[in-house]
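First, one chain by itself: the form predicted alone, in structure tokens.
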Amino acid sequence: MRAVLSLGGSVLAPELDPERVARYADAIERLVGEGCELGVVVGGGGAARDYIAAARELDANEVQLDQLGIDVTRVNARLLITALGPAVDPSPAHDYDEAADAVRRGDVSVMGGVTPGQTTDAVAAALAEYVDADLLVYATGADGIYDADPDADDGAEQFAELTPQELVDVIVPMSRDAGASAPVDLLAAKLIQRAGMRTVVLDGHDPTAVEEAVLYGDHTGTDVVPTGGEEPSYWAR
């Protein structure tokens, strides 16, 4: 089985906690031990936002701000690499070719951002399409996709399952609202739609929950299932 994991920076490193990073490294190593080929994309989280806010006050332009955010995602990626064993590519991949080469030779590839104007949500979806992944998993701060922002609307309801087209339809209005925080951004949703990619969006604070989602499809988040998709054979217990 080949999977791409998107680990939000606010999930992996909301603060510099070696124990949290080590737990994620342990989960990734267990997945490798079960025969999974993995690409991992790490976000910037609060640290990236802090640097971007400071640089904005120094009159940095938007490309400079994006590049600064990319740099932070790569530092987070390197932190995770430090916690992983010998089966990981020792440096963060800087592009899809580097990441794909590592995954195809059986190493875990860890990467951050790639280019200004593109979030790590989109990087994960593009990498999953590039390496023909069986599964894309977004480990976020939210427990799946909702019809409204659950932090702002007590009546928000979670979707247990969506098609890729329905995912796009849900994300589009969220992307237009100032301050809205969809757990997956619009470009990522469109890439998932284009690829017909089986995707899971879940709360990533517990690495074991991510492990269960990858190995067995067991989770409390949202499944994105291509039209006509059947239960994958790799989830057979």
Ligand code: UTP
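Just so we're clear, the structure is a prediction, and the values are computed from it rather than from any experiment. Residue numbers run from 1 along the displayed sequence.
The same protein has a further form, the form predicted in complex with uridine 5'-triphosphate, not shown here; the description that follows concerns it.
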| said: To verify the annotation, which of these, Leu202, Ala48, Ile192, Leu38, has a non-hydrogen atom within 4.5 Å of uridine 5'-triphosphate in the predicted complex? | reply: Ala48
| Heavy atom within 4.5 Å of uridine 5'-triphosphate in the predicted complex - the one residue of Met197, Ala27, Leu186, Ile52 that qualifies | Ile52
| message | What I'd like checked is whether Gly43, Thr73 and Gln118 together line uridine 5'-triphosphate in the predicted complex, meaning each has a non-hydrogen atom within 4.5 Å of it. | response | yes
| said: The chain here is shown without uridine 5'-triphosphate. Which stretch in 109 to 117, 83 to 91, 143 to 151, 158 to 166 comes within 4.5 angstroms of it in the predicted complex, by heavy atom distance? | reply: 109 to 117
| said: How about Gly9 - does it come within 4.5 Å of uridine 5'-triphosphate in the predicted complex, if we only consider non-hydrogen atoms? | reply: yes
| query | Do Glu211 and uridine 5'-triphosphate share at least one heavy atom pair within 4.5 Å in the predicted complex? | reply | no
| Contact of Val123 with uridine 5'-triphosphate in the predicted complex (heavy atom, 4.5 Å) | yes
